[in-house]
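Here's a solo chain for you in structure tokens, the form predicted on its own.
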Amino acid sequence: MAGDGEIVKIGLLGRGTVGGAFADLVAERADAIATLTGKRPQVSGVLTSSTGDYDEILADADVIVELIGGLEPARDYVARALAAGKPVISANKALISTYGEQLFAASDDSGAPLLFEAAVAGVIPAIRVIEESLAGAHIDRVHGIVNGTTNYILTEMARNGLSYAEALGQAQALGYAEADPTADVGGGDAAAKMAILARLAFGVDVTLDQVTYEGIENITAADIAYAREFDLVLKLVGTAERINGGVSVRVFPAFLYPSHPLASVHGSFNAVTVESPSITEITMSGPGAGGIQTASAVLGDLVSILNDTPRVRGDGAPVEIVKDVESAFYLHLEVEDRPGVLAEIASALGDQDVSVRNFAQRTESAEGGSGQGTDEAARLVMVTHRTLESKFSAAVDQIAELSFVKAEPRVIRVIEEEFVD
């Protein structure tokens, strides 16, 4: 019967947007979960900034769900719950990416599981797939769009020609971006998620401070317009991959060719692609983090605990973090329109063995129109073939020092994989 089932008490830490949605889902789905697992979840205590006592909630709960965010007191609460042998579910990407090793050790010591599907990519079951479905696969690379705010902004800039500021304002008005969007648009949110995915995919110890990341604050409508000429789409991409015995984990704006599986992920949606010799490539996509989406992922972890589903996790071995990796690049230059400019730029690129795949030039007068003459400025836009970042950076530094360069060169990475069948 729907009313049957052993009661499992849940101590809920935090009842904001996600916590409130989770509490509602537990009440709504309790009958179905009891039928599926033989156990009925019930929120037995709630801790907020103004109500509840953690010690009392912990003593009474069978499972702790941490949705308060931040590092402290979340770390203390989670560590104490694990030490007490209580399973913990968290949606706290900052906590897991910063103190993961400490908390995993506490989980191993007590045997109490620590689950955190909701910490990465909203409702997409990326962690569950990596830990369970692909536990026996040798994963070479995980990359994806793991921040819905930035994906929405870049989509609106491309679709409707909005400036970055206009698209950000629209995202804030719709609730996709916080009043202070720094963690999202600066790449920090995505970096924390990629640290978690790298740790799980490769079984190595990767923390947030080892992830190289940059955001989308400096992207312009002109970048997107020029890229369209080269048939490219702009996304904020997180990548974790094995390179020469080490691991590289980074987040950066990147242009993709249309046949890339991430190129068609628009709006606030997220997507994660996993590559392995045994599976080639799989891509999971769905709504990014929001109240109901995150709460749904938390509920999925709860069902795993009630079903006693085993989770496989790497041993967190030390690993070399590789910083100098190969990439193709988009390079945007504003220069004086005079003879010899292209030759000197080509020479600087050639000195570092950088070759050009695509090239475009636009000429503008001082008044903003088009014409001919030595008082005009030229915009040179090119896409290179793959080269080491160190070599490309050296070439750009050399170009920036040339007397005819009128503004700081603009650089965006390009992912060349086209995934053509």
Ligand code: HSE
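Heads up: residue numbers just count along the shown sequence, starting at 1. Since the structure is predicted, the reported quantities are computational estimates derived from the model, not experimental observations.
Omitted from view is the form predicted together with L-homoserine (HSE), to which the following refers.
Interface residue among Ala192, Leu82, Ile219, Ala177 relative to L-homoserine (HSE) in the predicted complex, by the heavy atom within 4.5 Å criterion: Ala177.
When L-homoserine (HSE) is considered in the predicted complex, only one residue from Arg250, His260, Lys235, Lys93 comes within 4.5 Å through any heavy atom, namely Lys93.
Although the partner is absent here, Val146 lies within 4.5 Å of L-homoserine (HSE) in the predicted complex, judged by heavy atoms. The closest non-hydrogen atom of Pro87 lies beyond 4.5 Å of L-homoserine (HSE) in the predicted complex. At a distance threshold of 4.5 angstroms between non-hydrogen atoms, Gly215 is out of contact with L-homoserine (HSE) in the predicted complex. Gly187 falls outside the set of residues with a heavy atom inside 4.5 Å of L-homoserine (HSE) in the predicted complex. Segments offered: 250 to 258, 276 to 284, 147 to 155, 131 to 139. Contacting L-homoserine (HSE) in the predicted complex at heavy atom distances within 4.5 Å is 147 to 155.
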